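Only one chain comes next, encoded as structure tokens, the form predicted on its own.
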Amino acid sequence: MDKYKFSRRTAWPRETNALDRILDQLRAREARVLDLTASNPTGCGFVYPEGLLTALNSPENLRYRPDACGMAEARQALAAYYARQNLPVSVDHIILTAGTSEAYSFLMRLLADPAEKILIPQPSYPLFQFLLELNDIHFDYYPLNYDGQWHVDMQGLKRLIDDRTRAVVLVNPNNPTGSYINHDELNALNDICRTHQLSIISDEVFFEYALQPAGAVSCIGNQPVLTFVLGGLSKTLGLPQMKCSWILGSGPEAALLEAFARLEIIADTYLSVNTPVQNALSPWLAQASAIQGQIMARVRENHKWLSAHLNKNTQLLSLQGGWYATLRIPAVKSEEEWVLEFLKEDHVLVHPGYFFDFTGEAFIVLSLLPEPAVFQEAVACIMKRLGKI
């Protein structure tokens, strides 16, 4: 190959791992695989409201009315949606994006220069590292500790702050631990961020999916420091393919005004949110409870069944919300060895804990979205194998 030069930021390792190789072999043989990593709601047997796609047939879709922040009607629909949850949001402090990854990129461009730093939680979803590297931003992991419940390690977070730190990312509830931030933690975080002039980015895409809603706190409307809350159709309506997300801003007035003036220019550079989805947003959000109710019923059913069918070698970690469950399993083998054995011998696919940057061994993470018959069969296989120890 000719020696073309590519950027260092895209020099990621791309070797196929052992798990993918086994999975490819099984699929080549057309073997049935029980997939407990499935997180795409459109493939998990949910019934979407009849006529949902009718909203895409509007003749207004043939008219292009670009607005950097998103069409006013779409932003008003979002403000109304959150008002119904007693979470007031100003239309002027909403920006639409084509997915939460784009929302993160906008905020990274807004808040940090190259080689400055953003703090991200550990364990959590592995998306952040790629986004930060693509935006030339450094990062450190702040720890979430487990003592029967998950907590932000505030002292650990404070030790990571230096003169290059610009923001703290929350995932609320966290993915995959399912832990919400509580009032005391938010107050402590506000104190830290105010002292060091840091912004908060709170990813609340799973917020509506609470198994234990008591104590859950949204960062929407958080005033002590500059705060950006992310949401999107991927989880709110179970429609990841529609590619519409949003940034909701709050905080000190002068800083918020400046932030949104700059964000508007960033968004205007891309104008990425498509017109049909924006026109459909109001009727779609009016039907949110129909799909959310189905997803919550599925998550509750699978979580209840899992809780009732653990064996003595397995611990189900506390879960407040979201779509995932975390199991601590015996560390007589590594996570890698366990997940390879589950897949090779039982044709059950699960996430190893290291995929989410869990520290220590051994953890596996299961999606609670699969249809109950598939979920129960797969979990039974896992428990049978673990029971042989």
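Heads up: residue numbers just count along the shown sequence, starting at 1. Bear in mind that the values here come from a model prediction, so they are computed numbers and not experimental data.
The same protein also has a form predicted in complex with a small molecule, omitted here; what follows describes it.
At a distance of at most 4.5 angstroms from the small molecule in the predicted complex, all three residues G99, V171 and K235 contribute at least one non-hydrogen atom. Per the 4.5 Å heavy atom criterion, the small molecule in the predicted complex is contacted by stretch 200-208, the sole one of 73-81, 135-143, 200-208, 260-268. The small molecule is not shown here, but in the predicted complex it comes within 4.5 Å of a heavy atom of N175. Under a 4.5 angstroms non-hydrogen atom cutoff, the small molecule in the predicted complex has S245 among its neighbouring residues. Contact annotation for F130: none of its heavy atoms lies within 4.5 Å of the small molecule in the predicted complex. When the small molecule is considered in the predicted complex, W305 lies well away from it, no heavy atom lying within 4.5 Å.
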